[in-house]
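The form predicted on its own is given below as one chain in structure tokens.
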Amino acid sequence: MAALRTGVLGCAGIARRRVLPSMRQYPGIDLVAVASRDPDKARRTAAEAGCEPVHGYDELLARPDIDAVYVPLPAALHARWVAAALRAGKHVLAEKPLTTDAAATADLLALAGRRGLVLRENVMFVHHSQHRAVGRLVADGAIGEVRAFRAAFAIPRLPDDDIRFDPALGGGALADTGVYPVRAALLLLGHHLQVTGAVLLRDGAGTGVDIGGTALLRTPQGVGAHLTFGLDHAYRSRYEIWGSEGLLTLDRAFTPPADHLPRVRLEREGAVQEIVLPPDDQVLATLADFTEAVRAGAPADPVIQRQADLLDAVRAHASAG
């Protein structure tokens, strides 16, 4: 089957560092062009990626030789440009979060459904095989009955001119790093989670965004999830599942490099076992999932909307508090 002819709207760091090199490597994608509002940036990025530069997003969307687009723009621009891509007949892989609120996410998913197009959110970690291994251990009773879940993703502070600190562009810790523990809870505890409490920490430097937070969620069965995220913290990327008979811990849970050897720590009955898993490239796995969805004409993944609903609920609980 022919490779999926793909264009890129924007030249963000995540695109240049991780996604575009993987698109060149992955045989299921033919990277055709990269667009920017800055023609020099388009030329530099296209030269790095080995494709054609395009000046302006509308120009790229008008091209008949592009079947799908990857959108690594700031979150506040997603609703406009994802909708434009769908109206232009393109399948879309958009960076997370898909939008800045649940209603806008619902609108885009509905538009994709009406147009018969695939829309996916680029939460790459869920495609790494280490999480399936953890899920199998839990299902096989390695820790007994699940009693609690903890997840944390936080990074050290970046320069104040980084887009993560710009509220007009959809910045903030919840939108940027909070997505990871929320999605991990959905992945490992199921889609019926409810938010029971939340706190968001505002930036004392006056950027106007949240730089960290904590959310408490629960399943219908009463299993609690404690989620922490931040943009001004010592680095952490891990989750743990605590059961009636043991504890599973996974470090480097969210952004492992392709050559990383995952290690699952299993504590049970006073003994500790380290389970070493094979490396996996979650970027390539994400691209494979997207292209296979396009070929199959797959419907929207309902977890995209559930995640957006939970992020809105975290904001609402934090504001009410």
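Start at 1 and count along the sequence shown; that's the residue number. In this text the structure is predicted, and so the values were computed from the model without any measurement.
The same protein has a further form, the form predicted in complex with a small molecule, not shown here; the description that follows concerns it.
Student: Counting only non-hydrogen atoms, choose the one of 176 to 184, 137 to 145, 191 to 199, 217 to 225 that falls within 4.5 Å of the small molecule in the predicted complex.
Tutor: Single hit among the candidates: 176 to 184.
Student: So which of 250, 86, 75, 211 gets a non-hydrogen atom within 4.5 Å of the small molecule in the predicted complex?
Tutor: Of 250, 86, 75, 211, the residue with a heavy atom within 4.5 Å of the small molecule in the predicted complex is 75.
Student: If the cut-off is 4.5 angstroms on heavy atoms, which of these, 238, 233, 131, 96, is the one near the small molecule in the predicted complex?
Tutor: Of 238, 233, 131, 96, the residue with a heavy atom within 4.5 Å of the small molecule in the predicted complex is 96.
Student: Can residue 122 be called a contact residue for the small molecule in the predicted complex at 4.5 Å between heavy atoms?
Tutor: Taking the distances in the predicted complex, the answer for residue 122 is yes, it comes within 4.5 Å of the small molecule.
Student: Is there a heavy atom of residue 14 no more than 4.5 Å from a heavy atom of the small molecule in the predicted complex?
Tutor: Residue-level check for residue 14: yes, a contact with the small molecule.
Student: In the predicted complex, is there a heavy atom of the small molecule that lies within 4.5 Å of any heavy atom of residue 26, even though the partner is absent here?
Tutor: Because no heavy atom of residue 26 falls inside 4.5 Å of the small molecule in the predicted complex, the answer is no.
Student: Should residue 43 be counted as a contact of the small molecule in the predicted complex, where contact means heavy atoms within 4.5 Å?
Tutor: Residue 43 lies outside the contact set for the small molecule.
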